[in-house]
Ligand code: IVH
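Below, in structure tokens: the form predicted on its own, a single chain.
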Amino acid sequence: MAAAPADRIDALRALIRHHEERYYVHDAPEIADAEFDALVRELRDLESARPDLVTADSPTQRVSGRPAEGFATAEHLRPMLSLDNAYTDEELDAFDERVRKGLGTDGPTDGPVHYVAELKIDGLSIAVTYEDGVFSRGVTRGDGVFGEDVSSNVRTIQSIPLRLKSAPDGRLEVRGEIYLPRAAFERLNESREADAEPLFANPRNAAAGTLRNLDPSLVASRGLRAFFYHAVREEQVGSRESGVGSRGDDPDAPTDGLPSTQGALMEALAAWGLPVEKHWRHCEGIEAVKAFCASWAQTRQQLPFDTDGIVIKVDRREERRRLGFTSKFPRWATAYKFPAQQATTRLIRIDVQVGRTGAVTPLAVLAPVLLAGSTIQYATLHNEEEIRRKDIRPGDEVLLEKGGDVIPKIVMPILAHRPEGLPPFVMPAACPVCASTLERPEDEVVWRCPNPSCPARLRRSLEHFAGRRAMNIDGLGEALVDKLVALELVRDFADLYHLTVETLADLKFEAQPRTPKAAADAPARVLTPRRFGEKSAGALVAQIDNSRRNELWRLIFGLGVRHVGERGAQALAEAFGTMDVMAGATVEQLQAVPDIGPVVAASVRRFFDARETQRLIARLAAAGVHMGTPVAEGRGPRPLEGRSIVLTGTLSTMSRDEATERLTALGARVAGSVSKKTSLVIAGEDAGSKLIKARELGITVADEAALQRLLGDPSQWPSGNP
């Protein structure tokens, strides 16, 4: 006999929570991703059929609500105080001495104090409240008394359970740190770089910026995680005591029902289903604490997240109560900050590098030095202002450290060792590669090469131009691009359209050893260069020829205009129709286009004002590259004009790109997120947060079959949800 819907829904929720905990908390999944996704799909289907059974703590409700207008302010159950810092073993000894004096156990025959040492996660402090074990709200630390209510965003973080297991009844506030794993941080910055967006400086800044974003669906996509280390409850008897949130925890009242030691609390948090950083340790006495700190100072780079120190806490809560607080810090806890990993070496010279967007970045060339286990020969100097502020000069002896434990940076010059008369660094006025005059916008600190055909920019620009989401020239890979630029066969995008099979077929590439053993033997062997060949050359020339007929938006995106991503390119092509019309548009006309703001509009105008751009566009047009069709002419019927459509999930009969192109050709605007203005959501397999939001907003949802009918006959607009 089949289970009743309510019973099956309860069973699925329990099973999904179990597997979420195994995956996000314990890093020990028990089933494959596809099996997990099938459970979530079944639960969604059942809840769609029985909306009266949907609850706030259901796993399907992680991404809920629409983007907020801003974050409300909320008061913490107890103040979240900060911690005092220690930087040396001597300062740890002084902390221990203060603790023992405060407890009256500083005599020669008294035993050591029992501490708990925890890794200090480099992220954003958060207080999450549960009511009878069910997620209620998430609030940032703020000023320690009031923080921002970011509940809608905290809900999206998979490692934070929406329902606790066997937790105390009533209101429980757990405190921890939200962070971005290093791998997720790297993926995020790669994506932002591809879209010509500013990069995040480090994972901590990325985590903070993400959590304060007003769109929960964007937050859900970035992969935030969390660790918890403390809990507070409302007092039942006795006086109110201050609380500590930023890793310096509160003793609470003895009657609050929480464990009597920090170690037991950490075990309880894990038992309730909360993620707890597993490397915490009991330390009997300050010598054990110092040994723990020293061990992690050398090995923390192996962790998948950033940590900048160790938090040391008196283990027993009764002893914490006796020690109390200063006006700012608890007397029973401190944060040991890892010493910066530094070395000194000589700055040989300062080179400048030119990136795809033209940004000219100074690069320090150093005498090789061993630092944190690796040999360092280069260090970024970011920009001219930093060099001037630190007064760094070629020829200086400099102090070097690994910023964020990863990226080498120059802290300062050693002025006592500076040779007399050493001249300061002067930023070149011209691009070191193409000799174009460098430009620096008034609101920026970065100099830029304005020449889109600059060889230094060209390598990465060509890869972007040929990318699948731009001109879609399959086969134009990194090695071939390097060869074409090095031989000056391609000096700008237009040169691609003059390549011949004969020219490409004769290109030769250095052979690479196929195995580590072959690589070790390579110096003793003669490796025969590999010829590109007629077959590969013919295929590439055909791909290049096909790209001549691409839609205008692909060309706009491929040109790499700063700040113009794929959506912006589509909006510009839709608004102006042809390259000539867009190139002649004023800033005001550009800014009037949907999705184009003042920064993008100004960037587009600067791009088309450049003489090099005008020459490039003329050469592309002469090579037969499609430059668009006038808006009022030749576009055929546009029956979906004015409709906004969102695609989500996986389509089985076509790619998302193909669906986007076909809908756009019919006049629809294909948007990346769901809002009140969305006309229709097409939901494929494994549709996620966008589908949930569409249903909450009452927007029509259709399946892939309905999409096929709509593309075949735009009059068949879906009228209801599947």
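Start at 1 with the first residue shown and count on from there. Keep in mind it's a predicted model, so treat the numbers as computed, not measured.
The following text describes the form predicted in complex with the ligand, which does not appear among the structures shown.
- Residue in contact with the ligand in the model of the complex (any heavy atom within 4.5 Å), chosen from Leu265, Val150, Ala364, Leu119: Leu119.
- Between the ligand and the residues Gln543, Ser453, Gln158, Ser125, the one pair within 4.5 Å by heavy atoms in the model of the complex involves Ser125.
- Stretch-level contact check against the ligand in the model of the complex with heavy atoms at 4.5 Å: of 488-496, 285-293, 595-603, 77-85, the positive one is 77-85.
- The ligand is not shown here, but in the model of the complex it comes within 4.5 Å of a heavy atom of Arg141.
- Contact check for Trp553: no non-hydrogen atom falls within 4.5 Å of the ligand in the model of the complex.
- Met582 falls outside the set of residues with a heavy atom inside 4.5 Å of the ligand in the model of the complex.
- At least one heavy atom of Val311 is located within 4.5 Å of the ligand in the model of the complex.
- Contacts between 165-185 and the ligand, taken as any heavy atom within 4.5 Å in the model of the complex, involve only Glu177.
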